[in-house]
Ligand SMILES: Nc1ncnc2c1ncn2[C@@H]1O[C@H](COP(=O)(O)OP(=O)(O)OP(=O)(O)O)[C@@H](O)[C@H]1O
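The chain below stands alone, shown as structure tokens; this is the form predicted on its own.
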């Protein structure tokens, strides 16, 4: 469960939103749409423990401190950060893994064809070359990382923004299968990507209203 109580957030002395409240029940899937710059990505980062509210309370699966919240969620941001490590290390973040699980994740995230084309496959070192990856490749690695972490709560910020139509559709399908038993908050400007969600909100002028 995610609960926001009278949450306010300011950036450079400008209020992004004030006294915002929201309750997302366990297993519920909600979408948040709105124009660029309206604050929807900021809201997601607050839910992820990446930002601290100016005032108000945030609780995520019983955790309230940012360092506790971040352990409770899997996050796919619009501009994912990749580390100067191998592909497999970027997915597993150094944790032990089963080969069968990784293979399934690679397939689901639409990474298999690309990884199979690399001489060192999953052991390919990204290093400084992370900046040379296409946005789609970086995004799919981030999605695979979220699948591997397998947290009960998944936060998505435009997860297919860097993908073409065909790849976007396949990744959305993979996310749908992967999240069937999870709590999901999905931020996007494309309402059609939220088919089947329990609720869809519009963020405008710092406020949420059901769309």
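Computed from a predicted model, the values in this text were never measured in an experiment. Residue numbers count along the first chain shown, from 1.
Only in words, not in the display: the form predicted together with the named molecule, which the text now covers.
Check 3, 29 and 183: does every one of them have a heavy atom within 4.5 Å of the named molecule in the predicted bound form?
-> Not a single listed residue reaches the named molecule in the predicted bound form, so no.
Using 4.5 Å between non-hydrogen atoms, is residue 35 touching the named molecule in the predicted bound form?
-> Residue 35: contacts the named molecule in the predicted bound form.
Residue contact check: residue 16 to the named molecule in the predicted bound form, 4.5 Å heavy atom | Taking the distances in the predicted bound form, the answer for residue 16 is yes, it comes within 4.5 Å of the named molecule.
Mark residue 39 yes when one of its heavy atoms lies within 4.5 Å of a heavy atom of the named molecule in the predicted bound form, and no otherwise.
-> The answer is yes: residue 39 has a heavy atom within 4.5 Å of the named molecule.
Counting only non-hydrogen atoms and a 4.5 angstroms cut-off, does residue 78 reach the named molecule in the predicted bound form?
-> It does: once the named molecule is placed as it appears in the predicted bound form, residue 78 has a heavy atom within 4.5 Å of it.
Going by heavy atoms within 4.5 Å, which of 147-155, 59-67, 172-180, 41-49 lines up against the named molecule in the predicted bound form?
-> Partner-contacting stretch among the options: 41-49.
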